[in-house]
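We give structure tokens for two forms of one protein chain below, kept apart as structure 1 and structure 2.
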Structure 1
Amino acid sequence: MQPGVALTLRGIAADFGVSMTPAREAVRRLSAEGALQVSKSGRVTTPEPNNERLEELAALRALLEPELASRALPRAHNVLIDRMENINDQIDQMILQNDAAAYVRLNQDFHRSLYLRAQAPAMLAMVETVWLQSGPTMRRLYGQKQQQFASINHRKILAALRAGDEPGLRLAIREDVINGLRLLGS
């Protein structure tokens, strides 16, 4: 969804073929998570990302995701790492096929499949909230030259996982996040 778009409850309801009530609840939830902005008059829009906001979201990811990865590391067996490698291969394909939506989705799947092992639901929920907030700008990320770095960073993550290298894992995750979001702001 493009940033800066105005939503109306009746419009959303009509789009999904439901009444206003479910649309209202969905909007309420998304705005509570920061994925949507509500003006004082109740109008709903997708937030327009500025550089400060992007830097903040990147900092949040850089704080939370290494911690989640570190907690997941003791429980990351080879089966999981293989699956992550598989996801990464699919990411490479999506980059070649120029499929932005699938790229973003697979990228999150890659990270989430690791973080799920951290046994930290509240922390994971918080990271997913940040992902949701940075979602619209992730679409812009695609098409930039940085996307090819993602695969390289992911390989570093996988290597650190296989080696059981906790500091290396934290660093690789951090680099992946920084490359993904913070560079976009400048």
Structure 2
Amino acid sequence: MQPGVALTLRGIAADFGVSMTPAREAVRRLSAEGALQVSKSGRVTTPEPNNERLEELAALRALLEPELASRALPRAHNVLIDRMENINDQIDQMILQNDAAAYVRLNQDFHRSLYLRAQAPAMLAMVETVWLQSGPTMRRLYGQKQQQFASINHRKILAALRAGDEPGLRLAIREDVINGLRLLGS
């Protein structure tokens, strides 16, 4: 979803084929995680983070994601790396098709595939919360600036995984996060 989009409980319930109670609970949880904002009047919107907030979220990613990747490296077998390469190929296709929503989803799938191998559920939960908070902004970014930075950085990540290069993997993950921040801030 784009930043600043207004949502209604009825609309959420209808979109997901549920009653108002699960829709209300989902909004409550997502607002607690910072993925949605609820005004005092009860208006629900997707957040529009400012540059300071984006920098904070990117700093969290730059701290957590290289550590997750490092922990996953000993368990990153060829089948996983091949799967990640396939996801990256799909990302390239989404760039060509200008499908921003699929691009963001696949980018998260690429990273999540690796981070699941870290066997660090608390760290992964933190990263996923950061992704939730920055999701609408990433959606807008990739909708406006269809560029192949993620795909290029992902190739560096894949090369480091194949080589078993832990310092190179940390650097490639950090570069991927920092390049995303540069695009978000511009």
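This one's a predicted model, so the numbers in the text were calculated from it and none came from an experiment. Rigid core: the largest C-alpha set superposing within 1.5 Å between the two forms. Sequence positions of structure 1, starting at 1, serve as the residue numbers.
- The chain appears twice here, and it is structure 2 that represents the form predicted on its own.
- Superposition of the core reveals a Cα shift of less than 2 Å for residue 171 between the two structures.
- After superposing the rigid core, the C-alpha of residue 37 moves by 2 Å or more between the two structures.
- Smaller rigid part rotated by 18 degrees relative to the larger one between the two structures (C-alpha superpositions, whole degrees).
- The two forms, fitted on their core, place the C-alpha of residue 8 4.4 Å apart, compared between the two structures.
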